[in-house]
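To begin, one chain is listed below as C-alpha cells, in the form predicted on its own.
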C-alpha cells in the first residue's frame, strides 16, 4: 500500500483511504559564518491534494489509451454548430449546450501542424519536462481552436508537420501523457513509456 492517501468514489461520494498529511521532523537552520548559531527551523509538510476532473475525465483517460478526444457543438440552434474544439470543452462557449465528444486522433495524425512555438530554457518549481522545453501551438484541419503542448523529438518551426504520441505505459493521467514529435520520427526515438 502507498504511504500516501488514495481516493475512490462509491455511491457518488469520495472515499479516502490512507494518510493525507505527513509530518516531518523540523530541521535546524544554522549560520555557517557564526559558529553554526541556530537561526530557525524548517517546517516541512507533505499534503495530498484531490483534483476532480469531472466531465473532462474521459479526455485524460483517453490519452492513457492512445486517443486524442475533442468536443463538437451539435446544437442546431447555435451559431457555431459543428465547431470542433480542443482543448476538450464540456459546454459550447457560444450556446452553453453540452458538447459531443469526438475522436480526433486520426485527424491529428494526418493534419497537425505547428502554428507557433517557443523554447523555454528555465522553468518554475515542480517542472517535470526536460529542458529546454519546446512548447508548440498546434492547429488541425477542421478544428476551431489551437492546442498548446510540447515537442519531444525535432526542432520546432512554423508549419512543421507533427504527430501525437501518448504515454500509455505508466501514464500520469494529466496533459503530460500527450506530446508531439516531428512527422517521420520512429518508435525507437520516442521517450520511455510513449507510443504512437
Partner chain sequence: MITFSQQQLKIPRLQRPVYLVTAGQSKFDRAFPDKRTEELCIDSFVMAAELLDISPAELKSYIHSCYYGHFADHFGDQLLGESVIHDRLGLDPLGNVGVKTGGATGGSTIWEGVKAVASGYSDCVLAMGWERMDEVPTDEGNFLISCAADKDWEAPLGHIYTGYYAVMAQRYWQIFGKSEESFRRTLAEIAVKHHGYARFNPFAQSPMDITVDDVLNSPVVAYPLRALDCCLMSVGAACTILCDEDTAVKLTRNSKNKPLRIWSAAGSHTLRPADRLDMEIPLLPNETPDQYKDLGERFPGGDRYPGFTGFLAARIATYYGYGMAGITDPTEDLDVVELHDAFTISDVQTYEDIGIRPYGEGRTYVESGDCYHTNPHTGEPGKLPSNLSGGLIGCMHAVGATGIMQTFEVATHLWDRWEELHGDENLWKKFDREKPKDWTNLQVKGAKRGLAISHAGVGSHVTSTILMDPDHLIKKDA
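Every value quoted in this text rests on a predicted model; they were computed, and no experiment measured them. Positions refer to the first chain, counted from 1.
Keep in mind that the form predicted in complex with its partner chain is not shown, yet the notes after this line are about it.
Contact check for residue 169: every heavy atom lies farther than 4.5 Å from its partner chain in the predicted bound form.
Its partner chain in the predicted bound form comes within 4.5 Å of a heavy atom belonging to residue 115. Not displayed here, its partner chain is approached by residue 56 to within 4.5 Å at the level of heavy atoms in the predicted bound form. Contact between residue 82 and its partner chain in the predicted bound form is not found at the 4.5 Å heavy atom cutoff. The three marked residues, 67, 78 and 100, fail to reach its partner chain in the predicted bound form, with no heavy atom of any inside 4.5 Å. Residues 123, 124, 125, 126, 127, 129, 133, 135, 137, 144, 145, 146 of 123-146 are found to place at least one heavy atom within 4.5 Å of its partner chain in the predicted bound form.
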